[in-house]
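Take a look at this one chain, the form predicted on its own, written out in structure tokens.
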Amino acid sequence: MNTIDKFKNWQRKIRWNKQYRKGRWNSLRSDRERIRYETITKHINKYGKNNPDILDLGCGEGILFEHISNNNYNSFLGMDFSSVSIKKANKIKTDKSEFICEDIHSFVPNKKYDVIIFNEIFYYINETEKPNVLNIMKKHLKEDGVFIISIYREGHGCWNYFDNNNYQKLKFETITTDRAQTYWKIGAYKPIL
């Protein structure tokens, strides 16, 4: 990233920490959002192996983790660049889970995962860094592993990175709500090696 993009990323981090402190993202626990988390969980159960190792990129306060049964995973790592959200997430961690504060642009996992979730984070990755981040995550996806991507509304070209010859689309759906402008697109993809 160039200097201006790094500065914008730093500003975003400051803003998100402030928003988490003030409770701006408490709405993520609403019934409207629950549908999205349940869909992601359904995809983990259907397309991931039994008791998968899960990496949740953009985990926030760990809300997705709360929707996953403790018996349905081997390990869970949640990553977010908001230190405030990670502090909250660490209050719910278990012996099989961990939550860390990292920037997606420089984060390199220390092991391979069966399921890697881009949880409302892919559109925040700097455009010049998206291919690099995807390549790093592909290297840390186990054989037969899957990516699950959740994107609010259209995602400004994000799906072009997955809807191509490099990935097998396992499932793609739009999750609608009672508000016309509040919807998510969620896809499960397997890299083609």
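Start at 1 with the first residue shown and count on from there. Note that this is a predicted model, so its numbers are computed, not measured.
Another form, the form predicted together with a small molecule, is not on view; read the next lines as being about it.
Only one listed stretch (162 to 170, 134 to 142, 41 to 49, 54 to 62) carries heavy atoms within 4.5 Å of the small molecule in the model of the complex, and that stretch is 54 to 62. With a 4.5 Å cutoff on heavy atoms, Glu120 counts as touching the small molecule in the model of the complex. The small molecule is not shown here, and in the model of the complex it never comes within 4.5 Å of any heavy atom of Leu77. The closest heavy atom approach of Tyr73 to the small molecule in the model of the complex falls outside 4.5 Å. In the model of the complex, at least one heavy atom of His105 sits within 4.5 Å of a heavy atom of the small molecule. Each of Asn9, Tyr20 and Leu28 comes within 4.5 Å of the small molecule in the model of the complex, counting any heavy atom.
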